[in-house]
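Only one chain comes next, encoded as structure tokens, the form predicted alone.
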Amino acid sequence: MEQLLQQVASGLANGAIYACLALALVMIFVSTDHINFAQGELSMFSAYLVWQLIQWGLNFWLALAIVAFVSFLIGVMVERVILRPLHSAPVLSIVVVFIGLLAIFHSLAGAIWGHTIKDFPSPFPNIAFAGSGYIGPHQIGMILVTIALLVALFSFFRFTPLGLAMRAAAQNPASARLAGIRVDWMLALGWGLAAAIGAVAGSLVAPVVYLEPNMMASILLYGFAGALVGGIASPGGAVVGGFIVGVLENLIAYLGNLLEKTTGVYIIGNGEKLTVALIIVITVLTLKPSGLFGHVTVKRV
């Protein structure tokens, strides 16, 4: 029972990171109807920037705040300079651009900081507390930061004029333009927010997986699975989906290891966690493409 609780707690901690990435993916999808395949590399590059500022003597939280703002500007520039001219381009062209951005940020990180693994310090104090046998302080911190980020974004989109304008631009661009909203800039701001959220996700996961250019490759897939489970067009659903995927992958691996100890037959274990994410993606796309909390859009032709 204790091991089961540990797996659930660990899954929630992993799910916090998946939820952040899923939220970033959803924010771009609802405004552009495209999946940003370079989101993981943007997060990784931001994590390197945070690490560099820490090496120069800055506090983690100050470094993260600076990098989040820089990432926001990068996201806005990518949308305005690279993607805006492709507004009416075929989907395949936009996919190629995303793959190109992925390669560019991956290569830049390797060229600037090298491909050796770097130790990334945790911003949370390593103190003992009740229940610390199930989950560590960094994992607790990841969950709390994710929840705080979700509350802040919910408040922004629900109660501020700019947030309401961004929601209107994403849901109905034509009506938003008639209401005087600058839809193009609202979409650019959405890209900026997604890049800033990705910076938070990358900086929180780096102490767990260590810092190197390939650190977000598999994590992006988990985030994508979380977004699909919750609903690719539902920000809140994507966050819940991220937590679901985090817990589910750990439980499946735990049950697989338990089955091997009991029967001696190996079916699935920790090495197949990535396969679990792929199975989740395929299953959701097949059975419920809109996700658990998404809604089906019907267009009249």
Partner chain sequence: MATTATTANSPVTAAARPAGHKWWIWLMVLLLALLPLLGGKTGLISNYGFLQLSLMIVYAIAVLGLILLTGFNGQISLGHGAFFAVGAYTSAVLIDQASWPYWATLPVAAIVCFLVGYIFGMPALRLEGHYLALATFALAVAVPQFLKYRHFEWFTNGVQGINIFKPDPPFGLPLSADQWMYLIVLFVAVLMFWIARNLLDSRAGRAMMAIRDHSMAASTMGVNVAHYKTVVFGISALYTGVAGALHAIIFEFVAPDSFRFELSIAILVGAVVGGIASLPGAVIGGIFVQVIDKYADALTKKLTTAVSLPLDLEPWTIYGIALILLMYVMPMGIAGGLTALWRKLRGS
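For clarity, every value in this text was computed on a predicted model and none was experimentally measured. Residue numbers count along the first chain shown, from 1.
Note that the form predicted together with its partner chain isn't included here; everything after this is about it.
- The stretch that touches its partner chain in the model of the complex, counting heavy atoms within 4.5 Å, is 101-109, out of 101-109, 201-209, 135-143, 67-75.
- In the model of the complex, at least one heavy atom of residue 82 sits within 4.5 Å of a heavy atom of its partner chain.
- Contact check for residue 62: no non-hydrogen atom falls within 4.5 Å of its partner chain in the model of the complex.
- In the model of the complex, its partner chain sits within 4.5 Å of a heavy atom of residue 91.
- Proximity of residue 281 to its partner chain in the model of the complex: non-hydrogen atoms within 4.5 Å are present.
- The contact with its partner chain in the model of the complex, taken as any heavy atom within 4.5 Å, belongs to 35 out of 53, 258, 248, 35.
- Across the proposed site, 118, 148 and 243 without exception lack any heavy atom within 4.5 Å of its partner chain in the model of the complex.
- Interface residues of 238-267, taken as those with a heavy atom within 4.5 Å of its partner chain in the model of the complex (partner not displayed): 260, 266, 267, in sequence order.
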